[in-house]
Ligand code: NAP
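Just the one chain here, laid out as structure tokens, in the form predicted on its own.
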């Protein structure tokens, strides 16, 4: 089977995916390098363990209105593991069997594991984000000041991770007040001492601390024409900017932050480490994150780097 192709619901209905299939599901999904990095990690696993000889990872574009039907088909086709990205991370909660405590707190799942009755849900986004911030920007979430942009599934995971990690102040901004309230409801069930404040994306909070990190969890930046979700000029000079989007590698938000001289990083490191944790859940084996990073950089035509 071709692991570079983007498959559809129709393909899922009519095609036999032999061996042990895995997949990422999103809409849109063409930009995803998850197949390249997961298949590279599987190749490394095969070098020392014959269990993985027939494992392969695919990419599916599934619209939200087709997701429930598709998930049932993925289960019937015995896809051992699924990664979920925009816009399916929250929608899946009503369609799965069990959910891990961290994913329950986050109100979103990005990793599904097959069982006889359905799928169990996990969330590795928070782990991936914390590793990405630490490796790329030297930011530890404990005692940090964080501006989080967005309130969808990825933002929920990030917000909960911030609270669980003990960040000092969390500012959450979104275009839709109702969705902000939903995220605050999620945070209400998480024990922690983090102070939380909400704001509209076009109106950054006043009197921000001198230092902190902005984390973009919105979809603004996926398209080349997308504007930056906030006015970077309003940030104090000691702030850093992390955009969960990794393709394109430099969004308008990162361009503007870089022009101001602020340290920046995109979401590639987050993708790698959340992906490695997902593959560990499916394989019950240690995963080579460097192999995943090398494959992702090759797909994105970037210079090689380490995870």
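All of these numbers come straight from a predicted model, not from anything done at the bench. Residue numbers count along the first chain shown, from 1.
Below, we refer to the form predicted together with the ligand, which is not included among the displayed structures.
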>> Tell me which stretch of 51-59, 28-36, 266-274, 64-72 has a heavy atom within 4.5 angstroms of the ligand in the predicted bound form.
In response: 266-274
> Which listed residue (161, 83, 105, 174) meets the criterion of a heavy atom within 4.5 Å of the ligand in the predicted bound form?
Replying inline: 174
>> Exactly one residue in 92, 213, 217, 167 has a non-hydrogen atom within 4.5 Å of the ligand in the predicted bound form; which is it?
In response: 217
> Does the 4.5 Å heavy atom contact test between residue 154 and the ligand in the predicted bound form come out positive?
Replying inline: yes
> Closest heavy atom of residue 150 to the ligand in the predicted bound form, within 4.5 Å or not?
Replying inline: yes
> Is residue 139 close enough to the ligand in the predicted bound form to count, meaning some heavy atom within 4.5 Å?
Replying inline: no
> Can any non-hydrogen atom of residue 244 be found within 4.5 angstroms of the ligand in the predicted bound form?
Replying inline: yes
>> Contact check in the predicted bound form: 24, 77 and 99 versus the ligand, with a cutoff of 4.5 Å between any heavy atoms. Do all three pass?
In response: no
